[in-house]
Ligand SMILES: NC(=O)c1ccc[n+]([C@@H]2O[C@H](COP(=O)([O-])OP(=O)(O)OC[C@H]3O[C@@H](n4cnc5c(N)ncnc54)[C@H](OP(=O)(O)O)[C@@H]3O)[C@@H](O)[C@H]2O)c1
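This document starts with one chain, in the form predicted on its own, laid out as structure tokens.
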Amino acid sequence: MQTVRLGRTNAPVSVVGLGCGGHSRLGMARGADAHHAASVVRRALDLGVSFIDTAPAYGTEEAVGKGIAGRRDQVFLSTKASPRRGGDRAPISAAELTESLEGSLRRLGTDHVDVFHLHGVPSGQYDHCAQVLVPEMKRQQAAGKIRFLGITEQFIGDTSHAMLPGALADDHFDVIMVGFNLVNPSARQRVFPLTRARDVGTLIMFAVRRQLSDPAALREAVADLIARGEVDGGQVDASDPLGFLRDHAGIGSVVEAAYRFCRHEPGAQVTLTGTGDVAHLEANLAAIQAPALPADVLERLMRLFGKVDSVSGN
């Protein structure tokens, strides 16, 4: 397994991170039980994956806890707390943040997490996070329950990365989670220069979502992007926008290309992938560890999608 230094945490971690949310949630979103989900976690560890990301909202923390039992020292473990309550969506208090952390530790079967994120923070709630929740995170860090502070953007609703630049300027966070993929590479200009300057670790989400695995969804998204002027219709085959990737002799599939695109981007460190199927996991690990895409392919992708910042790929 290839490894990378996760920014100023100085931790050597796998370039592949097992994401336990998304559309699969270790298979639990499709009816699998916690025992199956735990077996996926164990297989990921067997294959050298050392970064695992979960959250209370995913419903997978207990399964992750089962999967890492007896192997905690092999895992750089990431979980989160939403800055908003589930019902009225009001900001949570410092006490509620700590309650969420304590619940995560119980479900994960550990006395600390390596990264504790504020989860899906919209721009309008960042000030509350910085003023109320970050000080509590630092208190829990001093108590040994959190090693490093993190924050994740709400990429579906913040496709142009409005929140993260301000958070990075405040320099509270050692790790961030950012949306980045070949149909919206805007983090290249708006986020990665800032993380690289501050040596902040980066976790890449949305490397592959529906638009990159479902040709019909991609056609619909590209048609909308052409209509909005973000994609030049004269540069793209609207009926098969990424067919040139599939037809390339050195690329196995669009999904493989999407993972390779993220893996080798300067500033991108851990690429998250989620699945409930071990064979699919193994294929994704192979794709993420494959060589960089050819230069001519990267140039063509940037001509097509280099101006896009309005879609997430979902």
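Every value quoted in this text rests on a predicted model; they were computed, and no experiment measured them. Numbers for residues come from their place in the sequence shown, where the first is 1.
Separately, the form predicted together with the ligand exists; it is not shown, and the next lines address it.
- Looking at Cys20, you'd find a heavy atom of it within 4.5 angstroms of the ligand in the predicted complex.
- Under a 4.5 angstroms non-hydrogen atom cutoff, the ligand in the predicted complex lacks Ala257 among its neighbouring residues.
- Although the partner is absent from this view, Leu272 contacts the ligand in the predicted complex, with a non-hydrogen atom inside 4.5 angstroms.
- Among residues of the shown chain, Asp277 is one whose heavy atoms approach the ligand to within 4.5 Å in the predicted complex.
- Checked against the ligand in the predicted complex, the candidates His119, His161, Arg107, Lys145 yield a single residue with a heavy atom inside 4.5 Å, and that residue is His119.
- The single contact residue among Ser213, Ser123, Gln74, Ser93, judged by any heavy atom lying within 4.5 Å of the ligand in the predicted complex, is Ser213.
- The chain is drawn here without the ligand; in the predicted complex, the stretch among 243 to 251, 41 to 49, 61 to 69, 279 to 287 whose residues come within 4.5 Å of it by any heavy atom is 279 to 287.
- Although the ligand is not shown here, in the predicted complex the stretch 207 to 237 places heavy atoms of Ala207, Val208, Arg209, Ser213 within 4.5 Å of it, in sequence order.
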